[in-house]
Every structure is written in C-alpha cells, then in structure tokens.
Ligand code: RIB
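The data below hold one chain only, encoded as structure tokens and taken in the form predicted alone.
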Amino acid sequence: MPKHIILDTDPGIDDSLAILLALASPELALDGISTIHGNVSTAQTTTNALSILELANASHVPVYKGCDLPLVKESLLSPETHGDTGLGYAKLSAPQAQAQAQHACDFLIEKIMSSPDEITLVAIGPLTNVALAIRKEPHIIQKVKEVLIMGGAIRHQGNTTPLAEFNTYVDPHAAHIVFHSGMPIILTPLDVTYQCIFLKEDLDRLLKIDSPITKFISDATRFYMEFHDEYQKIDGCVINDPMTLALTFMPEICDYEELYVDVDISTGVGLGNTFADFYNYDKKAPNMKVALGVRPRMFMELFLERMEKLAKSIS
C-alpha cells in the first residue's frame, strides 16, 4: 500500500522537483498539494503547481490555494533565487486545470481528520498553512501520521540571514506554532540539505533523455545553479525539498537525533534562527526528530533514477 502524502509547498525550483519526485515514486500516493506564499506569491505558486502537474500528466492531483501572507511579519519573496515566476528559466504553458475552491487550510484539516493516522504531511515551504490549520482544528495534531518539514539551520549558517533559513525566516511565528504543537515532526535543516548538491554532470545525465521533463529540469536548475554560484560559491545547486520528500519512503538517507528545537521570534538579528538544546539545558523533552547526517549521493542516485524513469514515460 502506498503512503498517502500531502505536499504543502511554494514552487519554487526545488519544490517543483519534489513534486516530480512524488509523482515518480510508486511508494507514494499524492493526495493533494496545498500552496503557500514563499519563493513567489501564492497566486504564482498555485499556477506553478498546476503547470507542473500538467507537465507530468498528473492533473488529477487536486491543488488548494493557501495563505498569501505570513502570520505577523511582512512578506518576503525570493525572485533572485528562483526567478520572477519561481521556475527559473523554465516556461510552462498556462495550466488548463484550476485550483480547488476550498482553502488549503481547510483541505489539510478535512483530509487529516477524515483519514486518521494515514496522512503524511510534507511541508517544504513557510509553515503558515499548517499553523493556521492547527489553530483552527487542534485535533489534527493527534490525527496526522507524521510531518516532514524542510526548514531551519541548526549548526549550519543561514541562507537568508546569517542565522536563519528561508522557510523559517519567512514565517517564524508559524514555525513556532508548529514546532511546539506536539505533532510528530521530522526536520530536515540546511545541515543535511546543503550537502545534497545537484551537479552539472547530474543534469548532463538527465539530458541524455529527450523529454519535456528533462527540458524543464534543465531550464529551471540552470537559473538555480547561476544563483548558487554567484551568491554562495556552490558548484551546482542545492535541492533541499526533494531530499525531504525522499525521506517519506527512504528514511535511511539520513541519520537522526531526537532534540528539543525552538525558533527565535524576537525582533532583531536572531529572528527566524532555529536552535537545538543538544545538552538539554532546559530539561525539556524532545519535540522533533532532526536529520543531522546524510548520504547525499545515495539520495542523488535515487532522484536521478526516478527522474529518468519519469522522463522516459513522458515524451
């Protein structure tokens, strides 16, 4: 039986790759996508999600538009990282399908409550939708099977401020609600995702297959690679979100530690900083499992094989 998942996401180049990986993985049943502000506006992330599903012949997967703004702080988008449309240099046709009328938060509540202990929520954008769903229906905390979150930087430097990772910094107050909710959380911070680098030779391998899938990956990641080279001196590009998605069915990619993790919601330079109490100074029980070690090429081989298979199926 496949594992039922919901992707809460802000596509986004690497978010788009996570959607493709979910569709290419027989271990998973993608029950829906809830979109959120982040890399681009919610209107654009919703369009992107619909277009990517259409690209992969998966328009049957429903998309639900979520929150347009963070809970408290001002909005922050990242066109310098993902391009004005969020998909780098990729140009996808306007989607034929439309988003569902139901709000993403209500979809999360309805799906989790109607399928207790069956839904894995994979949250790879800012956590506004998830936080509001918790506030509106706290019982989802006990009903969800598990929650995988791409976010934070524990021992790693930030990628948006010196201390903060993008998803957490965009809506730190939402992250604070989710982290302290009691949900069964697995966190994949920059500590592991920044070791998973999609290299030019990886792209060259995919481009041996002539497919709309490989063209999209090439056009999207070329922009991403240019950003990583210019701003972070990284050869290739970091694909944070597909790695998080892969842990739903291949958890052995990472090594984990049960930790008490918090996020700074004070004003100032620390805003959005995630930190773990490694020595249990505060005598608080762990609130999540944190991925702190990773086998990056094990993940990358999985990703490449799945993308090759998907590309061959769509010509």
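Fair warning: this is a prediction, and the values are worked out from it, not measured in the lab. Residues carry their position along the shown sequence, with the first being 1.
Just so you know, the form predicted in complex with the ligand exists too; it's not on screen, but the next bit is about it.
The chain here is shown without the ligand. Which stretch in 198-206, 235-243, 171-179, 90-98 comes within 4.5 angstroms of it in the predicted bound form, by heavy atom distance? Selected range: 235-243.
Self-check item: Residue (of L190, I140, V147, C105) lying close to the ligand in the predicted bound form, criterion heavy atoms within 4.5 Å
Solution: None of the other options qualify; the answer is L190.
One residue of T120, T214, T85, N159 in contact with the ligand, assessed in the predicted bound form (non-hydrogen atom, 4.5 angstroms):
After the contact test, the surviving option is N159.
| task | Considering only heavy atoms, tell me if T35 and the ligand come within 4.5 Å of each other in the predicted bound form. | result | No, no contact at 4.5 Å.
- Any chance I112 has a heavy atom within 4.5 Å of the ligand in the predicted bound form? Because no heavy atom of I112 falls inside 4.5 Å of the ligand in the predicted bound form, the answer is no.
Problem set entry | Heavy atom of N39 within 4.5 Å of the ligand in the predicted bound form | Yes, contact at 4.5 Å.
Answer yes if any heavy atom of N167 is within 4.5 Å of a heavy atom of the ligand in the predicted bound form; otherwise answer no. Heavy-atom contact with the ligand at 4.5 Å: present for N167.
Could you run down 1-28 and flag each residue that has a heavy atom within 4.5 Å of the ligand in the predicted bound form? D10, D14, D15 sit within 4.5 Å of the partner.
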